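Consider the single chain below, provided in structure tokens and representing the form predicted alone.
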């Protein structure tokens, strides 16, 4: 039993003796052999160590040592996180391989491994988690398995594209402005930007110190809940990590949405481009939530443009601060997309940065006031599907991302889950965001899970064709 399973399904099959961790890993490796190199998911595959780890997890389970729901599950790790198999590259020629001591896992990776997870490889990203792929640099150009001519989104590109293709059952992404949620929407999977500070970011190459977050990516909200229960919690090396107790997120799933008040903002007024299929997909998704018992209230997110702008400014300034020495001495070694964006951070003044942070705090207060009598807010992840790789322009990024609506939620810090809601006329996935109060990650995941009990979009799988990425 090695067909395309969710983490929860694979866990049940393992404990029922219907499969093994080795069989799951071998199936994932076979999928990787079938899809790569056209898909561009991996920067590094750990085939031998993954099989050895799977055998060890099978032996533990046979001996009655059950490490929990992630025991024996194949996982992909975004390559801005340290793993003991090898240092992260951040998909860049710039990063010093010695930035973290060899042989160490980032705390979040160590937690997944201690819970029985099997790391099968390091997945592609945008350079330093920003910008678009640069074909002039020696790294894969990631593609979307639903249409190899399209991009899987970024910056958690490989994790996003690898999941629907079956190259692993769960994975890690990072989210500073939408880098978990954009690939989730474009690739038809589920991804969580947890509350800021809920998951420690130690051992992760930084982009924006006050915005970065590490999040689970998987097929379902239930799988994300299983992963978050392991990933969450403070780490002494991350002073921004929260000391609040970690919940058993999967145990809090279930039921219906009776009594839950959901504010809905379609954000059409902020959408320069809207796919023809999107209004109906969004309306249908809201009706599913209503039918599950939710009370739906139309709302308007305040300071939406201002907070989105503040996010971009803060991210650029913090990235420029980290990269300044290399920007001055190794400008040409950066890819065009990263060079353009990180370099833009040098054009802002200190007062600009402070003012952006002030806008951020005002926005947090206004959002809290708006949510006084709301439990959740639902918005589009993007009103447009995945763009064509050929259309990506590193110096005009918003030309390809004009439908994207993820930036707002990073400066406010609230938990936000992207779930798939169907496909456009060209067969490309699209998704909505479900956002909650700070540290109400459980409520966000529960709403996503309930939605997915009434839909099957998250269970759809792209079909491998003979077409190649040279289109």
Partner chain sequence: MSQTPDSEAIVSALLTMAGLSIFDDEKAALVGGFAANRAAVDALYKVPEVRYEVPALTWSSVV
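Residue numbers count along the first chain shown, from 1. It should be emphasised that the depicted structure is a prediction, and the values quoted were computed from it without experimental measurement.
A second form of this protein, the form predicted together with the partner chain, is not displayed here; the remarks below concern that form.
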I need the one stretch from 163 to 171, 340 to 348, 373 to 381, 78 to 86 whose residues put non-hydrogen atoms within 4.5 angstroms of the partner chain in the predicted complex. 340 to 348
Is the gap between residue 264 and the partner chain in the predicted complex 4.5 Å or less for some heavy atom pair? no
Even though the partner chain is not shown here, does residue 354 get within 4.5 Å of it in the predicted complex, heavy atoms only? yes
Just to confirm, residue 395 within 4.5 Å of the partner chain in the predicted complex by heavy atoms? yes
4.5 Å heavy atom contact, residue 324 and the partner chain in the predicted complex: yes
Ok, 283, 362, 104, 368: which has a heavy atom sitting within 4.5 Å of the partner chain in the predicted complex? 362
With the partner chain left out of view, choose which of 313, 260, 141, 292 has a non-hydrogen atom within 4.5 angstroms of it in the predicted complex. 313
Tell me whether 67, 99 and 202, taken together, all sit within 4.5 Å of the partner chain in the predicted complex, counting heavy atoms only. no
